[in-house]
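Shown here is one chain on its own, the form predicted alone, set out as structure tokens.
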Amino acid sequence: MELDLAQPVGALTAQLVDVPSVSREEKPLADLVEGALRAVPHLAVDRDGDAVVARTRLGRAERVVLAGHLDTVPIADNLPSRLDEDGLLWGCGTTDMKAGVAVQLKLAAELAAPNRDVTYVFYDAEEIAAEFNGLRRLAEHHPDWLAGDFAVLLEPTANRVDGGCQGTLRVRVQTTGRRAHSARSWLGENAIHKAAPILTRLAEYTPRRVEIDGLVYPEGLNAVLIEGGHAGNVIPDSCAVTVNYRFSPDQSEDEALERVRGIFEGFEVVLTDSAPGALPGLSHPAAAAFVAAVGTPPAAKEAWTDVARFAALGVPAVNYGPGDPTLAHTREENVAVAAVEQSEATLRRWLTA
């Protein structure tokens, strides 16, 4: 089988969806993407693992990057794809984010002389732990492949520009006690009971809402897991509350961690995971031209995305792509073909006007 890049973008989306590519199993799709792009004469194509990068080399004054991941979450009895009478394409990965990948492929094949040089990045393992992320691997091994003045990550945003992204960190807030038989509880010290002030501080915390370049980033501080206890007749001697802090990109990871440590002063706080946020990146002329091409006001991205990896490389980036993000990862995942066509038309206009 070969990818048909000449077919309409909706049909191309369906073809991509019908090639299963659960995280760590992207090779068949990456092979198809690489083969299709190597047949395009105006592109230079490179590959690292299951990530494929294609670039124009026209000597334009600016270079922009269009990026999207090839992998999906596990299939939920929602393959093969199906197109209904209302123009909705149903199936695993339709929204997150093979519709965006189809847009990239159409533009890569058809824009031989865009007004800016373009790098098209197709990468693996976005949906699982960061250690496997293909964009992270490219940033570490081939940062020159990702170089540019501005980047668009085609994650689903319902075709709205979402600037930057929140940062995220997780900590374990820990308590200790003394183990005893629950029949003689006075001989012990209950570590779970000692966690009550942790939950009280979380319940009483007022999240910040931070405005940056006209976009408002709401923060969140929440318990997401509690661990403690040994058996139904044992006073526990340890307890840990895992707390997730989604922080505004006005803070660095270190500053966010210090804020969390201050909130839980008096408790042991252990960092378990962290990723930086990304500033909106809308001040660059290429970004302003892109927002103008979209034609609707941008908003803050209320999540973490791989735009942060571009920001770390000094490349301002935004999220923009077809599909309702609330449908991602669901059994009912679908995308309107009209929305995919709109995304393609917008990006084409931006790259050719």
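Just count from 1 along the sequence shown to find any residue number. The term rigid core refers to the most C-alpha atoms you can superpose between the two forms while keeping them within 1.5 Å. Here the structure is a predicted model, which is why all the values come from computation and not from measurement.
Keep in mind the form predicted together with another copy of the chain is missing from the figure; the text below concerns it.
- Screening A223, A130, L79, A158 for any heavy atom within 4.5 Å of another copy of the chain in the predicted complex leaves a single hit, A223.
- Only one of Q166, Q104, T94, T72 comes within 4.5 Å of another copy of the chain in the predicted complex through a heavy atom, and that residue is Q166.
- S182 belongs to the set of residues with a heavy atom inside 4.5 Å of another copy of the chain in the predicted complex.
- A113 falls outside the set of residues with a heavy atom inside 4.5 Å of another copy of the chain in the predicted complex.
- Contact annotation: A195 falls within 4.5 Å of another copy of the chain in the predicted complex, judged by heavy atom distances.
- Contact check for E227: a heavy atom falls within 4.5 Å of another copy of the chain in the predicted complex.
- Heavy atoms within 4.5 Å of another copy of the chain in the predicted complex belong, among the stretches 237-245, 131-139, 84-92, 105-113, to residues of 237-245.
- For the partner-free chain shown, E302, A303 of 288-315 come within 4.5 angstroms of another copy of the chain in the predicted complex, judged by any non-hydrogen atom.
- Taking the rigid core as fixed, one finds a CA shift for F247 of 2 Å or more between the shown form and the other one.
- Taking the rigid core as fixed, one finds a CA shift for V103 smaller than 2 Å between the shown form and the other one.
- Relative to the superposed rigid core, P114 undergoes a CA displacement smaller than 2 Å between the shown form and the other one.
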